[in-house]
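Consider the single chain below, provided in structure tokens and representing the form predicted on its own.
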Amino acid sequence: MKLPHRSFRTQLLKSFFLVSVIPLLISCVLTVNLFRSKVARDIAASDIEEAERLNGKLTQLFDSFRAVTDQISEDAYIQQALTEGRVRIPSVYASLYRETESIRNISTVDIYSGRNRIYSTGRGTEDKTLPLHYGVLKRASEHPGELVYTVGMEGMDTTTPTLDIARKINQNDGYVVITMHAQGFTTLLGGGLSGQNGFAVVNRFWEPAFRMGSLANASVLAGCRDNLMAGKGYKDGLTGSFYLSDLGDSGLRSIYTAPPALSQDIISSMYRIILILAAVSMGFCLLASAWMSRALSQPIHELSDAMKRLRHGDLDAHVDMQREDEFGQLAEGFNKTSARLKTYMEEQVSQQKQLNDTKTAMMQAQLNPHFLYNTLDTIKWVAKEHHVPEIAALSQSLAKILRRSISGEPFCTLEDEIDLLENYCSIQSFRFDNSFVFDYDIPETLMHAVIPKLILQPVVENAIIHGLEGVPDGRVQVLAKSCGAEDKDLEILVTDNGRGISNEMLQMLARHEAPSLSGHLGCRNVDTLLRLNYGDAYGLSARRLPERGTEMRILLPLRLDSGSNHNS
């Protein structure tokens, strides 16, 4: 990038900064981000594994609850007690303790008859009642035979949640109620969590049945609930990772949380180290640029001064620099260039004089076609005067062809080209004793299409000379039509009923290689002219007709004459 009005030292300083400091900063930032990503992935995998372990234990526990309530509902002594009312017989307690052995160490199992508790695996014999018109017994009565899970509170301490699981097991309002306290969850899940992790079991209203670790703080779950009520994501505005899972068909969910993989203090320390490294690198860059600018600026100034003199026309500008490094090579190259430039300018003056002399000779040579045209015109009138109409007709046709060929315009209309072909074919018909006819079928609108001058005559000539040789009833026809997308191209077909084009010629035309067509100058010129003017998609092609003869196809863009000139 060119930086005008800037010193070399400034540019060198910027270059050192861009080359060393910026890549260092980018690499350091990428390293920190990659490290954060790697640590986050590893910790996330560990967190997911831990959450799955805890959820697996809860799922197994809920399966045990279902199995225990199945056994209780099928126990004959318990069913008898529920049917007859509260009966204190040892066999009922024995059955209850036997059926609840797998869960008794982490939960309390109560048997209710209506709203009254009649048996319990808990300590104490105090009476306990539960309402039938709401709460866990109400839900159990609405879903007989199924386990229902509700979040309750332990006694008067409304800050200590419990999980109540109930099932109706008798038609006479007999219920099994299993109560899970925080201690039972802790025993089941294996104690506390490591670090700042948290775990909680909540219902669909995000009321906790159990919480521990970082989720023991009620504000976190309250924040999740507030986000949901505001229509946001449950963890919006909260830091750390959250893993939310459904616990089977219980209607409960587990939440496992973990702190960020790297604390903000650690990340800030990493970026401070990056800034310190960047500052140190910048200092080294400044020192290096100052030293190198002194070593490099002097030869550059000398070369710059010599170039200024050369730009102002001093072709004798010379740099005297005794160095063997790249600057010495530059100085030597400059000196050679200025010397060659001086020689070149002298040669140019001489060549310009020769060019002027050549142009003068060419202008004089251009009189020859005009002289030939005027002479043919004179022959025509002499032939008419002496009553030789054939010579007059030939002279007139040839004069028209010459007048068109020496025209300075490189393009003409298709109508002008057809007119030239008619004159050309009249001469050739006389030459070949009227052994062929020429005709054309072109829509009137396409007669005004603009084409390069003299692109049809070489093709027609090729058809007459090579195609119709030895054919007594020869015919050459020119057809034209629009084609391509939206009829934007012009297709001109030159057909004959001659002996047909050779395979060798077909292959040369298909390759579009000018050297291959060196023996067919007319076809080569037409194909080259079209491809140079319009691109490789256009040009000259050919095919052998099934019945007899050859079809030459000329393809070029369709452009209609505006009526004022023949420019393309």
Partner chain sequence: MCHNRDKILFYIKALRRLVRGCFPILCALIPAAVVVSGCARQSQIQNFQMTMANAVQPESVPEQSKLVIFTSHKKEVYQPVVREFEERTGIWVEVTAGGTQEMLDKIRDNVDFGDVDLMFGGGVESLEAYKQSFAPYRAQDAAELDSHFLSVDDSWTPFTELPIVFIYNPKLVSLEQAPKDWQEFLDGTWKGQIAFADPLHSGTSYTILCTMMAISGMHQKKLLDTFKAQLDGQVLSGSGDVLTAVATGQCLVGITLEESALKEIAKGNDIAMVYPESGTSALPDGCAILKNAPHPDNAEKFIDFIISEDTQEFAVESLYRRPVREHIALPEDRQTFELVPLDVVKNSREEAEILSQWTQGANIQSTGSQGEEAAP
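Here the structure is a predicted model, which is why all the values come from computation and not from measurement. Positions refer to the first chain, counted from 1.
FYI, the form predicted in complex with the partner chain isn't displayed, but the following is about it.
Q: Is there a heavy atom of Y243 no more than 4.5 Å from a heavy atom of the partner chain in the predicted complex?
A: The answer is yes: Y243 has a heavy atom within 4.5 Å of the partner chain.
Q: Applying a 4.5 Å heavy atom distance criterion, does D70 contact the partner chain in the predicted complex?
A: No, no contact at 4.5 Å.
Q: Is R403 close to the partner chain in the predicted complex, meaning a heavy atom pair under 4.5 Å apart or at it?
A: Although the partner chain is absent here, R403 would stay clear of it in the predicted complex, with no heavy atoms inside 4.5 Å.
Q: Counting only non-hydrogen atoms and a 4.5 angstroms cut-off, does R204 reach the partner chain in the predicted complex?
A: It does: once the partner chain is placed as it appears in the predicted complex, R204 has a heavy atom within 4.5 Å of it.
Q: Heavy atom within 4.5 Å of the partner chain in the predicted complex: which of R139, R475, K342, K384?
A: Selected option: R139.
Q: Just one of G114, G135, G484, P144 has a heavy atom within 4.5 Å of the partner chain in the predicted complex. Which one?
A: By the 4.5 Å heavy-atom cutoff, the listed residue in contact is G135.
Q: Should the three residues P389, C412 and R511 be counted as contacting the partner chain in the predicted complex, with contact defined as a heavy atom within 4.5 Å for each?
A: No residue of the spot touches the partner chain in the predicted complex.
Q: If contact means a heavy atom within 4.5 Å, which one of 537-545, 497-505, 522-530, 24-32 is the stretch that engages the partner chain in the predicted complex?
A: So the stretch in question is 24-32.
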